[in-house]
Each structure stands twice: as C-alpha cells, then as structure tokens.
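Just the one chain here, the form predicted on its own, laid out as structure tokens.
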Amino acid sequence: MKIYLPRDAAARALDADAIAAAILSEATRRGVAVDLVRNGSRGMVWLEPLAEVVTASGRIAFGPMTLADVPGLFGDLAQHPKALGLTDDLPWMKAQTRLTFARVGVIDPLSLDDYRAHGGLTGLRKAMSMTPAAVVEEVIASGLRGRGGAGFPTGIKWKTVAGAAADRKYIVCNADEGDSGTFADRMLMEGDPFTLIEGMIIAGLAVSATKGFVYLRSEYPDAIEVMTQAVHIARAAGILGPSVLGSGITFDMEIRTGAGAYVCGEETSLLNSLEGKRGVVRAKPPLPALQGFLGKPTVVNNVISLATIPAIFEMGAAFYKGFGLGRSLGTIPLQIAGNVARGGLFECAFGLTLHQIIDDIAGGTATGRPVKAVQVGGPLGAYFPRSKFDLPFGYEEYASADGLIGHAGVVVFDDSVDMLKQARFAMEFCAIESCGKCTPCRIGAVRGAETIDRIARGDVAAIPLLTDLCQTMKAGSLCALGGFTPYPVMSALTHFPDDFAPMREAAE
C-alpha cells in the first residue's frame, strides 16, 4: 500500500506529521506494509493535510485529514468521509496549466529516480548539447520574465552576464520570499528542489558561471532542510561538482541563510548580505549583472524564474511562449490567500481576470461576505476594488492601472476591512523594513504614517500632503521598497474614498 502525505510547511502546520505517525501506527497494528511518501503540496491548502492513496485507478485524495480519519484509509476507500476522488480530476487541478509545478506534490522531493521518471534532467541534457549562446537565445525566445516581481526579461539579463569579461561569474537564486501572501518559492523548494538545481546549472552553463548560491530566509526551515539535502544528493550523483553528468562542465552550489530582513529580497541588499555585509541597497550602476557578488558578473534570479528553465528546455521555447498574453508569456503561479474559501497555489497562463481568480477559482471569501479589495503583488501592491476585476493578469496591464504583479501574491479582503488602516500599514511596514539608506524610506515612510494618522483624526488638509509625499517616495527611492509603497496607499485613497470620508465629514 502506498500513501502520499505532504511534508510541506503548510501541511505540517496543520498536523501532517501527526497524521503520518498515525498512518504508520495503524499500518503496524493491522499488519499492513505501507510505503509512506512525504511529498510536496498539491497547492490546495484548504484541504491540507491531503493524503493520497495509490490505487489501480490512480491516486485518490482524502482531506482535510484528521487523526480520526486515518483508520478509514485501510478500509473501503469509496466510503471514506473525506474521499474526494482522483486527485488529478479535482476541479482545482484540472483547471491549471502546470509547467513549473508539474512535479510538485507528485514525486518524492528527494528521490532522483522519481525526478528522472517525471522528466527531470531532460532540459539540462538538451541545454548541454547546445552552445552557451544558443542556451541564452532559447531563454530570450521563450519570453520568460523575472517572476520575483520586476518582470525583467530573464534571457536579456543572462546575455549581459554572458558577455561580461571576468575570471569568475556567479548564479544567485533569490529565495528570500518575504511578500505577504506568497509561498510559491517555498512550495517549489520543498516539493521539487532538483528543478531549481537543474535550472541553476543551465544558467551557469549559459553564462560560464561555475558557482551558485541559494539565498534563503531563516523563516523557511523546511525549505532550508530539503534544499540542503537535495544539494548533497545531487553532488553525490555527479549532477553537481567538477564534471556535471560526466560532461567536464563544472558547477557547484551552496545554500545560504539570511536573517529574514524584507529588504534583502532586493537583489543588491541580498548580495551585500551574501557577502557578510549589512543588508543595505547598493546604488546602481554598476548593475549586478556586471559587478554583483564579490564584484563579479552575477545572474540574480528568483526561484520560480530558475525553476521554470528546465521546462522551457524540455518542451521548447516556442511551446512555453504559446501561453499568456502580450509581453506576459508562459505561466504564473498565483498564490491566493487572505479571506478566501479556497486558498492555495494555482499555476495558469497569464491573462485571467481577478473575477475569474477570486470568484471562480477561490470561491469568494471564507466569511461569505462580499469581496471589498484584493491586493496583488505583496505588501507594496495596489488594492483593487471589484470595479477593476476585469483587468487581465499581465505585467503591462497592471502597470497601466498603477499596480504591479510582483511575486503574484493575491490577498483578498471582505467588506469589513478598513482601507485607511491598510494604507497606514503599508507606510509603517516600509518604515520598519527599510534599510534606511535613502531618504524616501528612512524619513518619508515615517512621515507618511504620521500623515495618515492626521487624516484619521479628521485633518483633511493632510490628504494632499500624503499625495505629494507618495509621489516623492515613488520618484526618489533607490529600491522597490520605497518606490512601490505609494501603490497601496494611493490605491486605498483613490478606490475606497468612503473609508476616508467619515473623517472628512467630522472635520467639516
């Protein structure tokens, strides 16, 4: 009997370890041999812990599991109260286009045999048959853009590093996933770590880099553990080291842990931290692509960007480019969180509307109350009202609406939320998490919170001050933290004026 049960951090937080122990105990009591595989999450967080039992028909899902539900896994599965049917036939799964996350939740994350059996290393072998220049051109042709938030074309960044003259180059994976409502990086690393390793090797091959680093935040102990084990396994198997897959190509990598400062998600702050320095923003130029880690040309990509590379080479750039809209090509892992009935990770092509995402996929709010606002792009993203729910999910489309996709976190609020308080939170967040290097963050965020407090007390004269301050922060910040903080503040003020109106009326 074979049973899959996630060791994903979300599942573990919901008692998956206790469920796993109960399954093994029940099997021993019944004298049944059980192969219990701790896989990654399928992304249906509202159903975690989600157990899957392998049958002749396929893997049948059961969830959310409790200790009381365990004995039923050893009886008539059709009569189990938590039986959901074949996992792949569940509406959440069938509606997705899983390319980057194709193996997550399907395989044993630390089994190279499983990885190879599901297409792993196919992309690397194809890339190894090409010239470095051709590898770069394939990434450019795919249209892949940085999934960490900026949306910069990945292949162009690689081409810059490839063309730089240096005695050493580096690949740095930004796994400092600090945005609220985001968990795609964590899920990928915990559920399919070899995909990230394979993507980093291909990047190294493309730009002639021989060393890579994954910069992880300390708040992700499960991801740190899985990635560390995966690197050791890959090195022992000859996938990493002095001769990758016996090719003579050298590439090795390390896992580094940061202390969890939000600003270290910004690439130059990350590089400073990686070098053992204080995590503060570097002025640009020079760009990290030319003078990055230790002053050498460095590719800095997000987890999802790098983990998508193997799929692009396995299936071809033209295939990947066939998904999406406009300049937003391929798939995007939506991370749906907040007040929703069905929260989790949903990978799909660019182009869905917020109406489709929130109402159809997520099922509206968990409270049953009307959706009031959706924040897209983390704590620095704009708040969108229902009147904007027909906006297609794409980089340029959101930019034209004074928003950003960011890391594709989608956080939902019902009609009980106070948008003035949300605006203040954005300013306070920037003040706390700023590295303090530039004036817009160090001083502007503090004054911004104070100005919002004045509005809350009924000082209508403070509203134009807040608007001017936001424009100054947007124009003068050295990094995204100060530059994007105005987005949630101004969108709250613009789209939800009623939340500010009572204070105005009180002042009059």
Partner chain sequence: MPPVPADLASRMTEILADHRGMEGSLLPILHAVQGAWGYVPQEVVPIIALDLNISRAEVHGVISFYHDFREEPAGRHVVKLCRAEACQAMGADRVASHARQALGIDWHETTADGAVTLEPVFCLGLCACAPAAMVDGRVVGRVDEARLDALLATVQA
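Residue numbers count along the first chain shown, from 1. Because the structure is predicted, anything quoted here is derived from the model rather than measured.
One more form of this protein exists, namely the form predicted together with its partner chain; it is left out here, but the text below deals with it.
- Segments offered: 210-218, 242-250, 154-162, 70-78. Contacting its partner chain in the model of the complex at heavy atom distances within 4.5 Å is 210-218.
- In the model of the complex, its partner chain stays beyond 4.5 Å of every heavy atom belonging to Glu138.
- For the chain shown alone, Asp499 is not a contact residue for its partner chain in the model of the complex, no non-hydrogen atom being within 4.5 angstroms.
- Although the partner is absent here, His495 sits far enough away that none of its heavy atoms falls within 4.5 Å of its partner chain in the model of the complex.
- Looking at His118, you'd find every heavy atom of it more than 4.5 angstroms from its partner chain in the model of the complex.
- Although the partner is absent from the chain shown here, Tyr170, Gly258 and Ala337 each have a heavy atom within 4.5 Å of its partner chain in the model of the complex.
- Put simply, of Gly351, Pro385, Gly143, Gly279 only one has a heavy atom within 4.5 Å of its partner chain in the model of the complex, and it is Gly279.
- Note on the partner interface in the model of the complex: the residue among Pro379, Gly148, Gly204, Gly403 having a heavy atom within 4.5 angstroms of its partner chain is Pro379.
- Within 4.5 angstroms of its partner chain in the model of the complex, the stretch 411-431 places a non-hydrogen atom from each of Val411, Val412, Phe413, Lys421, Gln422, Phe425, Glu428, Phe429, taken in sequence order.
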